[in-house]
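Shown here is one chain on its own, the form predicted alone, set out as structure tokens.
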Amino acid sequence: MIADPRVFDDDFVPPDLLHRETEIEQLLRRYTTPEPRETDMLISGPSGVGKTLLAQKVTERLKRQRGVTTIFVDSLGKTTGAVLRSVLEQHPNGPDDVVRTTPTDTVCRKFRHAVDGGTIVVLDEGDDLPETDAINELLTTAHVTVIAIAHEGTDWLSRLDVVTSHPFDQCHVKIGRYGVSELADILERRAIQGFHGDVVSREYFEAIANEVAGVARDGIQTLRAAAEIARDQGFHHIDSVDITTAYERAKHRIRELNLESLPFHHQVLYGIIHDAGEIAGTELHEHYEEIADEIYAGGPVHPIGERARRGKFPKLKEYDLIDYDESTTKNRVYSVIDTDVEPVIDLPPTVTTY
């Protein structure tokens, strides 16, 4: 039933981006402003609505029309040095590998020498960037435009401290969820590209779009899950499959993919919460400190303090992996959403039951 499974992968880039034409034009106009230092942009919105895909389509067009160099960096959990090393490594004139111990000043100097024309640096998963100096360093580099991608744009801007005025204030593109009809159009296009023949009705696309509340990633994965269930049960049409069942299967898969994509610190914290099922913040931090030396031994990263740990929980919640009451900070209790989403890393046996 599925002719081309790649069509349903998160990294699939469709030929065109339906129902984001206004946002694309807004970003393109921003880049072509006569004032070079006013080209930087911020794209914000909830998970799964196509922020990264929007940046890909815009930079794709600018690369084709203006010959700019484009660099994409997943900046989640990265320090200033790690972000800038990744930027340098991905530049065509940069080295393939930059030693981790290279001083940040040296990395910046090498990057400035590498830039020989218009360059767009897309900093994906940029929620933590205001806590680093990476944006400052990039803003002071000639011919470089920064496109930052974050979930909560207003909060991100309030935490950003840069040496120049906030260029991102002038171009903050907020991406919302799709309407039912809009997402149904997207799902119909994916079905044409990815399925054998006409195996699903328009009504089913709209029903999925409504079930997932306009989140494109959830809708696409639900359509994929429905096709897999239909195949396994011998159905000839996908719309024979219960949407709620397909959605739950899709959410499980999305949570697993989300967890795999997270940096090591998030993995450790998720492992502790998962093993406990539910755990109070005080106890969680005690267990983290108990296993820290062993779990981080010989690795490229080191244990982090309690404040830094607290900064990791919003991402775990945004990715639908854990839950907690955001209105409380004292005696906060953390719980896992889906116990069947197993931790990626194994914790020491001393922390298995509570």
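Numbering starts at 1 and follows the sequence shown. For clarity, every value in this text was computed on a predicted model and none was experimentally measured. Throughout, rigid core stands for the largest set of C-alpha atoms superposing within 1.5 Å between the two forms.
Keep in mind that the form predicted together with the DNA is missing from the display, and what follows is about it.
Student: In the predicted complex, does G234 come within 4.5 Å of the DNA, counting heavy atoms only?
Tutor: Because no heavy atom of G234 falls inside 4.5 Å of the DNA in the predicted complex, the answer is no.
Student: So, in the predicted complex, is R307 in contact with the DNA at a 4.5 angstroms heavy atom limit?
Tutor: So R307 counts as contacting the DNA.
Student: Given that the partner is absent here, does C108 sit within 4.5 Å of the DNA in the predicted complex, heavy atoms only?
Tutor: C108 lies outside the contact set for the DNA.
Student: Is there a heavy atom of R85 lying 4.5 Å or less from a heavy atom of the DNA in the predicted complex?
Tutor: Taking the distances in the predicted complex, the answer for R85 is yes, it comes within 4.5 Å of the DNA.
Student: Exactly one of H91, H265, R217, K251 has a non-hydrogen atom within 4.5 Å of the DNA in the predicted complex; which residue is it?
Tutor: Selected residue: H265.
Student: Between the options Q193, T245, S181, T282, which residue brings a heavy atom to within 4.5 Å of the DNA in the predicted complex?
Tutor: Of the listed residues, the single hit is T282.
Student: Among 267-275, 136-144, 75-83, 122-130, mark the stretch whose residues have heavy atoms within 4.5 Å of the DNA in the predicted complex.
Tutor: Only one stretch passes the 4.5 Å heavy-atom test: 75-83.
Student: Pick out the residues of 89-123 whose heavy atoms come within 4.5 Å of the DNA in the predicted complex.
Tutor: Residues within 4.5 Å: V99, R100, T101, T102, P103, T104.
Student: Indicate whether L129 shows a C-alpha shift of 2 Å or more between this form and the one not shown, with the rigid core used for the fit.
Tutor: After core superposition, the displacement of the L129 C-alpha between this form and the one not shown reaches the 2 Å mark, so yes.
Student: Taking 2 Å as the cut-off, check whether the CA of F264 shifts that much or more between this form and the one not shown after a rigid core fit.
Tutor: Result for F264: yes, a 2 Å-plus shift.
Student: Taking the shown form as reference, are the C-alpha positions of T101 and P130 brought closer or pushed farther apart in the predicted complex, with a change of 3 Å or more?
Tutor: Compared with the form shown here, the C-alpha atoms of T101 and P130 sit closer together in the predicted complex, by 3 Å or more.
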